[in-house]
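Below you will find one chain, with nothing else, as structure tokens; this is the form predicted alone, and questions on how it binds or moves follow later.
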Amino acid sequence: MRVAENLNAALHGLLDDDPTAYVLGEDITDPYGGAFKVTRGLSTRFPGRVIGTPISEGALTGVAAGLALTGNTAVAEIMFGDFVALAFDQLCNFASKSVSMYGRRLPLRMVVRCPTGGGRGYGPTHSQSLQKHFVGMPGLSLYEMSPFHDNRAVLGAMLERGEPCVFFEDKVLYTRQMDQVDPLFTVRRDGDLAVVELRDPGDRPDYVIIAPGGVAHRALAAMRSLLVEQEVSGRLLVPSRLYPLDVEALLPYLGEVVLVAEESTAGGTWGSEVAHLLHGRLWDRLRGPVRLVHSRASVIPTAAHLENEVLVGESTIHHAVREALRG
């Protein structure tokens, strides 16, 4: 099953199980079924609870927050995650505050879906990874889609938190198969964390990469080339929840060399938050500081060959691991 199909099935399941659940967004109804066809079939099966909205990210996010505030479950789709910036006020000044600013905790079951990232030739304003702009906001949780996490379980985890969640969905994942890795590797899950390592890992790996779901396949490609060319083995950790991060879940899997790879540009990133949290717990065990791997500080071009030069990729991660191992 492809990742988009798994997410579609998860939304069908949510609407089927929860009569208070609504899905809303721009062009999400049939026959179009959303820009990436993730909502295909939903409006036909649940016509009163799948709502096409005007082109206003602020308005549709505000309506979703209002639905959640009155006890319903709301899933809002931002057609391209770049435009979640237009909903920043609704998310950060209304929805996230509403959980706790009325004198007692008020659960809000709300998810804002954001197709994000480059790699598909959509150009500077439709290819960004804006996760870092939401890190650290009290009452707002951040998740990222992964081919190693079942989306029904992830949706359930987000809604169970009882606070607004932003779900970043790297667009390059939609057509990928769930749980697909190179035959050299195997995937297992430890709660929220997906662990990818050699089928016969032997001793502790030479390095560990922490990456969100959208960068996982690039990290795995780098791990494979490092194994074949340099005979060094690695482990990949892919958390579903980015913020607040469950650092304790990572600790048993870490070694002396740790890298964090993400598609955001450098500066105030999720990766720097991870490094900060790990340094306080691992400083005496690390061979050097946690390495951060980002995309270049540039707009994202439309042309594929230029886009590949800007976005974090296999070669970027490969080079960073080699530098880290040299110490």
Partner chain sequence: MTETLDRLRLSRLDDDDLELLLLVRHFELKLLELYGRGELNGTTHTCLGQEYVPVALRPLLGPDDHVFSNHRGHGHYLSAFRDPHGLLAEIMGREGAVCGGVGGSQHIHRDRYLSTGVQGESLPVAAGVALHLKRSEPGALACVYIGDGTWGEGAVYEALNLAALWELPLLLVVENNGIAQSTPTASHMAGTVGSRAAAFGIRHHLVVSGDVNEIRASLGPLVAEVRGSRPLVVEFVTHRLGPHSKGDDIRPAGAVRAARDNDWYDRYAHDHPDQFHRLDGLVRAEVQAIADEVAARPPARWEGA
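Residue numbers count along the first chain shown, from 1. On a predicted model such as this, the values are computed, not experimentally measured, just so you know.
Not on display, but discussed next: the form predicted together with the partner chain.
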Quiz item: Which among 225-233, 116-124, 97-105, 198-206 is in contact with the partner chain in the predicted complex, heavy atoms within 4.5 angstroms?
Solution: 97-105
Quiz item: Which listed residue (256, 190, 89, 182) meets the criterion of a heavy atom within 4.5 Å of the partner chain in the predicted complex?
Solution: 89
Self-check item: 278, 42, 292, 69 - the one with a heavy atom within 4.5 Å of the partner chain in the predicted complex
Solution: 69
Exercise. Check whether residue 48 has any heavy atom within 4.5 Å of a heavy atom of the partner chain in the predicted complex, and answer yes or no.
Key: yes
Quiz item: Counting only non-hydrogen atoms and a 4.5 angstroms cut-off, does residue 63 reach the partner chain in the predicted complex?
Solution: yes
Quiz item: Does residue 35 make contact with the partner chain in the predicted complex, using a 4.5 Å heavy atom cut-off?
Solution: no
Exercise. Could you confirm whether residue 268 comes within 4.5 Å of the partner chain in the predicted complex, counting heavy atoms only?
Key: no
Quiz item: Using a 4.5 Å cut-off on heavy atoms, what residues in 8-24 are near the partner chain in the predicted complex?
Solution: 22
